[in-house]
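Shown here is one chain on its own, the form predicted alone, set out as structure tokens.
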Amino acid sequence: MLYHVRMDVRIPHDLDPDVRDDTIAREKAYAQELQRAGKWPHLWRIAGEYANFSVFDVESHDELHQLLSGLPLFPYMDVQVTPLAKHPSKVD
């Protein structure tokens, strides 16, 4: 199942800088792990924003939720999920 996901990151300004840096480093490592596993095939930065558009390729809604909620930055994110379906006009 494919999902289009927009993630807007809103790290509190008063978060301890060491906690912030550690969280961002863990986020990067986890995101790269998911990409290598084929679960996160597309990741695009939104220019001018601390946000991204992503496509996830997972088996279920529950797996997507598990992966997203496992992101170290998840507590600081606004997330919008759109399930995707094949378009009948797409050429394979």
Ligand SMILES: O=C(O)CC1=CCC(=O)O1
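As the structure is a computational prediction, the values presented were derived from the model and not from experiment. One rule holds for the numbers: they count along the sequence shown, beginning at 1.
One more form of this protein, predicted in complex with the named molecule, exists but is not displayed; see below.
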Would you classify residue 36 as touching the named molecule in the predicted complex, given a 4.5 Å non-hydrogen atom cut-off?
no
Is it the case that residue 27, even though its partner is missing from this view, gets within 4.5 Å of the named molecule in the predicted complex, heavy atoms only?
yes
Given that the named molecule is not shown alongside this chain, does residue 9 nevertheless sit within 4.5 Å of it in the predicted complex, heavy atom to heavy atom?
yes
Give a yes or no for residue 68: in the predicted complex, does one of its heavy atoms lie within 4.5 Å of a heavy atom belonging to the named molecule?
no
Suppose contact means any heavy atom within 4.5 Å; which members of 50-76 contact the named molecule in the predicted complex?
50, 51, 52, 73
